[in-house]
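Below you will find one chain, with nothing else, as structure tokens; this is the form predicted on its own, and questions on how it binds or moves follow later.
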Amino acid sequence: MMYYSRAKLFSVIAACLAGLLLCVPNFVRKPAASIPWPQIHLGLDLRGGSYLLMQVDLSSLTHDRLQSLSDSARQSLLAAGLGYRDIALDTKQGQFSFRPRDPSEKDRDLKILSDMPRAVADEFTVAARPDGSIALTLSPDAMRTRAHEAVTQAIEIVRRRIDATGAVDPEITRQGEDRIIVELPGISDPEHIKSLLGTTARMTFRLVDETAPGATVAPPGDTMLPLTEAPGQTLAVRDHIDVDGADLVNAGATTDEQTGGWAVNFTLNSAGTRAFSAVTQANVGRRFAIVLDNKVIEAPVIRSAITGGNGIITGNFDARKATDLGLLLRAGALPVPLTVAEERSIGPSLGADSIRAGALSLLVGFLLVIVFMALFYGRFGWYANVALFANLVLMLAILSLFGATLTLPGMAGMLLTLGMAVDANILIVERIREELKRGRTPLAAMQAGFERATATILDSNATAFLAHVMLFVFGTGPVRGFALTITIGIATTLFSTLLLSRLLMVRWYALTRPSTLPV
């Protein structure tokens, strides 16, 4: 306990020097791009930036699912030689209803619809209504499950889109059942981000209904969609999706060899390639609409079968629009639309004020602890102060090494850690005092003090460590920032107290061999 080997001595010193070295990038500008320069990133409350609260439109999820089920139901009925009429969708009730072509077909209609595949167990029920119609009703429990999955998927896609813009350390968290919080440190004008997040970017390929040229009302099985390049004009497009944009594996901006303008090329996976090949082979000479968020980007005529799984989208694109569309298609379509429910911006000056206030509180608290330890515990108090400084350095070093984000609650956690860190040193010194009062020699008192205090220190810090790990795992936002610094601080406190502080005391005793201890 009172002996330090050379290897142990050099290991402790090397760890402290490594901590100092890792802290340097936070105070010195990066000299060259090729040099690794790990730094602590500042959070929204310190650096300034933008806060967006995005609202998820869950009603569209119900509408889309009903639309998909109605499409599947029509195909199933037609394949069985059955007809239908008076199709209606009721999003509020979660129902799709229709009347049989002939009342005698009702039982067969019910059987065919009941046998339709379900995305989740008990997703919908099928029943005949007193007025002779048949209704397919979505289960509320199933829709809640789909809504939860949709929001989780939306968070992942939002993260991909923001990461692709180069934003540093965005914080994306869920709030309640249908809201997503997006914090963007360092971005004071989030209009570009808002435009990316507000775009669902669901791309589909559908055939144009050639039997309804110039129609203003959509025939059954069609939808009138607006043309992107011709505002005010619409086109009758089949509801059936021939190729889904979910089958895209890559997309990016390029230039059109024919016109020299900007365009977007795309690549489909194997399933998408087969579907694209089949539909283009069977419909040569027909128009094939490329639909993005219920707007027709273009509707070219299929000249020949396209079997390679590659294509190009032309339109009135500039460089930024083509790049953004490629980014959106690569990241994937949002399962539900998002709208900005709340927006706040924090200016850099306010962030600088927060940094100054946080740094001042950290400095004042640090100095008060140093003065207290020096006054009450003398030489051993100064050794504790050296360990306390090393503790602060090591905390900053670990945060820098992992590129962690520091927030105001995180700075509060650092200050609390420093206050807690001296407790272990106080416990050791008080144990040594007790042993001296019992008449032990200085060496025996130090030996017993260290041994008896170590178990208590480990137990108390272990319970605190586990509690803050749980806070970090299950907490969000400021709670995670606070828990992160406390968790790291507990680890560095154990090192600085049980190794560095003890090393300083032991080396002093080995060099001076005092007859009494300065406690």
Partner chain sequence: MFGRPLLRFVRSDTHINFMRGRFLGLATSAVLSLASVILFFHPGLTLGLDFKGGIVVEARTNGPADFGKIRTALAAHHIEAAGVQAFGSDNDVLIRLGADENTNTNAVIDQVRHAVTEAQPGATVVRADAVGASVSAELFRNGLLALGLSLVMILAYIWFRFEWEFALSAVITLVLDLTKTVGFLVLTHFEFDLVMVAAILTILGYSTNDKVVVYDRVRENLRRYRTMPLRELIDLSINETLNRTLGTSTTVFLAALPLAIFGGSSLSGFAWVMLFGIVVGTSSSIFIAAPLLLLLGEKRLRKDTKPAAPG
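These numbers were taken from a predicted model, which means no experiment stands behind them. Numbering follows the first chain given and starts at 1.
One more form of this protein, predicted together with the partner chain, exists but is not displayed; see below.
Asks: Under a 4.5 Å heavy atom criterion, is residue 452 part of the interface with the partner chain in the model of the complex?
Replies: Yes - in the model of the complex, heavy atoms of residue 452 and the partner chain come within 4.5 Å of each other.
Asks: So, residue 476 and the partner chain: in the model of the complex, are they within 4.5 Å at any heavy atom pair?
Replies: Yes, residue 476 sits close enough to the partner chain in the model of the complex that at least one of its heavy atoms falls within 4.5 Å.
Asks: Do residue 491 and the partner chain share at least one heavy atom pair within 4.5 Å in the model of the complex?
Replies: The answer is no: residue 491 has no heavy atom within 4.5 Å of the partner chain.
Asks: Give a yes or no for residue 252: in the model of the complex, does one of its heavy atoms lie within 4.5 Å of a heavy atom belonging to the partner chain?
Replies: So residue 252 does not count as contacting the partner chain.
Asks: Non-hydrogen atoms within 4.5 angstroms of the partner chain in the model of the complex: do 372, 456 and 519 all have one?
Replies: Yes, each of 372, 456 and 519 comes within 4.5 Å of the partner chain in the model of the complex.
Asks: Only one of 415-423, 101-109, 80-88, 326-334 gets a heavy atom within 4.5 Å of the partner chain in the model of the complex; which is it?
Replies: Going by heavy atoms within 4.5 Å, the stretch is 415-423.
Asks: Could you tell me which one of 156, 430, 318, 149 places a heavy atom within 4.5 Å of the partner chain in the model of the complex?
Replies: Going through each option in turn, the one that passes is 430.
Asks: Here the chain is shown alone; which of 240, 274, 160, 179 has a heavy atom within 4.5 Å of the partner chain in the model of the complex?
Replies: Result of the distance check: 179.
Asks: Could you list which residues of 373-404 come within 4.5 Å of the partner chain in the model of the complex, counting heavy atoms only?
Replies: The stretch 373-404, when checked against the partner chain in the model of the complex, contributes 373, 374, 375, 376, 377, 378, 379, 382 at the 4.5 Å heavy-atom cut-off.
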